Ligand SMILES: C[S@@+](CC[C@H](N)C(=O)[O-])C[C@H]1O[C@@H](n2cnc3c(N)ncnc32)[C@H](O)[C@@H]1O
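Okay, here we've got a single chain as structure tokens, the form predicted on its own, with questions on binding and movement later.
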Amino acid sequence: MRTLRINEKLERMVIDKLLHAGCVFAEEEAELLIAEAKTSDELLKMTESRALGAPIEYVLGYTCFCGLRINVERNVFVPRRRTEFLAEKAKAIVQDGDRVVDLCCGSGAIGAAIASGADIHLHAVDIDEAAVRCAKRNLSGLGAHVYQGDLYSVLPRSLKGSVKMIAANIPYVPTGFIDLLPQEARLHEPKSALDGGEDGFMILRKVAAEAPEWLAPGGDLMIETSGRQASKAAEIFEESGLTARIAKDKDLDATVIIGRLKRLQKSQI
């Protein structure tokens, strides 16, 4: 529903500017900008920002994920539509009362989506200050705990051996492929949220290796990866003591690795 009344001339101006800038969905984006702007001046500033290449999510200040409105701000990773597959897979496993960790949480979109389906004890972690600030906004009201730090290092020790689900949308793009990403990601999103190291598995190895210390027996580690990297990612899971399976959604072009803790670790006995 529009909050700003504009004339057809101004609306056409916005659409034409977006088209000239190469925005494929100019009319749809114009509708979104018009709905979000409070004044004509604000609308023009937002249109100019988008025309200069800023991702539409940054210009609007939000994106939609699993039916939820997720706040995003500049320099915070924008949750992808394909990542909804990971969130839905996690929601199908998690039950009321479970302890869940959203690792490399970014805006907190995955945690928010999981929490929308069950009354969980949610903990979210990211190394980036802007992402943590954004996640706190998105997870407020859910009783979530949000931490800034490197992976598991800032989680309460009391969680060890009791986590039902670790959902981690970790960086998995090989360093050499960063320059091949779409401009909106390459120029606007933090490199730390994209770069998976030389082979794309640097962060995954760390996450998988330590996951068995935190998971409850029968708990799951779930990550997103590319189809090309899936077999190697599953192998890393297995090497870490997790029974891995690969799930795919062709429509979303999404690939998820689900690793279940198959035996008690010494620290859990």
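Model, not experiment: these values are computed from the prediction. Counting begins at 1, following the sequence as shown.
Not pictured, yet referred to below: the form predicted in complex with the ligand.
Student: Looking at heavy atoms inside 4.5 Å, which stretch does the ligand contact in the predicted bound form, given the options 191-199, 113-121, 91-99, 175-183?
Tutor: Selected range: 191-199.
Student: Is there any non-hydrogen atom of residue 128 lying within 4.5 Å of the ligand in the predicted bound form?
Tutor: Taking the distances in the predicted bound form, the answer for residue 128 is yes, it comes within 4.5 Å of the ligand.
Student: With heavy atoms only and a cut-off of 4.5 Å, decide whether residue 170 touches the ligand in the predicted bound form.
Tutor: Flag for residue 170 set to yes.
Student: Is residue 105 one of the residues lying within 4.5 Å of the ligand in the predicted bound form, judged by heavy atom distances?
Tutor: Contact with the ligand, yes.
Student: Looking at the partner-bound form in the predicted bound form, is residue 71 within 4.5 Å of the ligand by any heavy atom?
Tutor: Residue 71: no contact with the ligand in the predicted bound form.
Student: Could you tell me which one of 203, 211, 244, 33 places a heavy atom within 4.5 Å of the ligand in the predicted bound form?
Tutor: Going through each option in turn, the one that passes is 203.
Student: Considering only 132-150, what residues come within 4.5 Å of the ligand in the predicted bound form, judged by heavy atoms?
Tutor: Residues within 4.5 Å: 149, 150.
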